[in-house]
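Here you get one chain, nothing else, as structure tokens; it is the form predicted on its own.
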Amino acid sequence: MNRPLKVALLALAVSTFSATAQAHRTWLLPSATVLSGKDLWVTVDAAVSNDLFYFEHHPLRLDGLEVLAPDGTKLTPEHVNTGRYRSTFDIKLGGPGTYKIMVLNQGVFARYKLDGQNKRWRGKPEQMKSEIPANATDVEVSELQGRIETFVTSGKPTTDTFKPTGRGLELVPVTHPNNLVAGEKATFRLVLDGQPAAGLKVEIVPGGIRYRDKLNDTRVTTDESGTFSYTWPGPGMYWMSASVRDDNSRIKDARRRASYTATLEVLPP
């Protein structure tokens, strides 16, 4: 393409939502987050849904699935399967410590017109030049860096798996995510490309929204160091989400949308 690329905001499943209208949410849900003993396994459900932690829309694609062991090595998930409404996989915990389970979604989304018809394309940056016809018009391109995470600890919590990679939006816990208790304040830090993500809106939603008249979501804002705190109102599973749009795309004349979501379990006091 020899024309300047127009900037577009990316509308994908990994999206933020409004408190007044439901939207699709992406999540990983482990069968347990804190375990002890030997021969330990965790089953993880992965889905895209309207109601948090219910299977009623689409399975989450697992192309970018990664599991980090407490020592930073990568584990291979077992029994990976994708059904009509959810994907599932098992993880055998090889030793004590904290495991990070994540799905990384990095790519390019483009909209354009060809012979008067609207077209869409999604793929990798290096494929874009050959995949989008040279005579395409009204080309709009966005880069997506999405990160969906959850955490599981066997025995004593560890922190080695939380070292940021320096790419996209990442969580650097101050309070360990497997040490959350109802009624207590937890503190987290978000970084963007390894630097503090200041002034970022973070949304926190307790699970079980199918049986509530209100979403009961809370919005907090990161400070200059990218840090925010939240006091958990009760035990259960929570969904946390943040996103940012900026001009730091690797692709010329395109904007980037970096998003982060996590599933956290809060234990009773």
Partner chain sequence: MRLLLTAAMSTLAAGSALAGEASISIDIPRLNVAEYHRPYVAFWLESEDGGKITNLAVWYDVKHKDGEGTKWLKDMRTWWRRTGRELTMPTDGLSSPTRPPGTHELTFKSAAAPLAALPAGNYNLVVEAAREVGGRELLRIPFQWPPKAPATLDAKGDSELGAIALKLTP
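On a predicted model such as this, the values are computed, not experimentally measured, just so you know. Numbering follows the first chain given and starts at 1.
Not on display, but discussed next: the form predicted together with the partner chain.
Contact annotation: the partner chain lies within 4.5 Å of heavy atoms from the stretch 177-185 in the model of the complex, the single such stretch among 124-132, 194-202, 106-114, 177-185. The closest non-hydrogen atom of T221 lies beyond 4.5 Å of the partner chain in the model of the complex. Within this chain, L215 is remote from the site of the partner chain in the model of the complex, having no heavy atom within 4.5 Å.
Proximity of H79 to the partner chain in the model of the complex falls outside the 4.5 Å heavy atom cutoff. The partner chain in the model of the complex comes within 4.5 Å of a heavy atom belonging to K156.
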